[in-house]
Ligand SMILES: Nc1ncnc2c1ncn2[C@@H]1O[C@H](COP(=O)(O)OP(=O)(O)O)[C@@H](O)[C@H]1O
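Below, in structure tokens: the form predicted alone, a single chain.
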């Protein structure tokens, strides 16, 4: 656990604190994201935790021990640190960069080699083709992953990450975020993560600390921040689309219901009767292998009038071949998919198999649900 008690930092020659009487606790195994506008004190706070910057006053504790009682170099060796500029040494290979801290600990060469290969595999890079490359031979996303691997080299319980994905393109950034979330589910490290992007904070954080002008404005879970902003600054910083942002906290599986009616091509002439028997407003069409390939609604059938035929029904159903969401898709993306296909329903998939249905009505009710309901 990391705890800050009334921590203040005033730089020499300045009268306004960069960080002003900051108090918060970060539980063990959680990711806390520091977010706010430039110059609000979030990076200064991060650097005080590993004593790269000393606080003017106040106390910082790690596992209930005052960090001032630890040697600064020894303290930093036990804390992983990742920065936006990555900081890989250009004249050293990937393996040599990752091995920097293990060497300081005096690890034997064979143990270091095994750890380097293990970390490269963990971050999705092939050890055989990567370990002997130099940073200049890697893409930006690959360099950032190596930076994360270096920070994890001696398996530190705490990691500090200062805008770690800010220097890569949006596609690589999204991939890196997803990969790091996957790793964190396995590692459960205590992480302080700095960003200026509220969307990244919501995605990455178990808790979010919002800063403004050196002060902590609000501290809570993403759901608490989105549903109960502390003041006008927080509301403005989150943006007017906070209800849509909240949908990014939940997944399709959270709201999916059973697929009430499932039919094959030969049953299309009787589809209306089948839907009435199943008391379902939507019927999913599956192929000969049982794989979903579209769906129909009662509105579709009623809107065809006298022109209804198996061929027209098939055409309508196949037009929604892509209107399916995997169980792990976030609700925000599911809503976007509904708008794309102009439908109030999506089929829910578990891999390639039909696993249920999600409705616009369910998403609407969920988005309006208040805390505790």
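Positions refer to the first chain, counted from 1. These figures come from a predicted structure and were not determined experimentally.
From this point on, the text means the form predicted together with the named molecule, which you will not see here.
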When the named molecule is placed as it is in the predicted bound form, are 139, 142 and 175 each within 4.5 Å of it, taking any non-hydrogen atom of the residue?
no
Where does the named molecule sit in the predicted bound form: which of 23 to 31, 55 to 63, 41 to 49, 333 to 341, heavy atoms within 4.5 Å?
41 to 49
Taking the named molecule as it sits in the predicted bound form, is residue 15 near enough to touch it, meaning that at least one heavy atom pair lies within 4.5 angstroms?
no
Looking in the predicted bound form, any heavy atom of residue 37 within 4.5 Å of the named molecule?
yes
Within 4.5 Å of the named molecule in the predicted bound form, which residues of 217 to 236 have a heavy atom? Give them in sequence order, or say none.
none
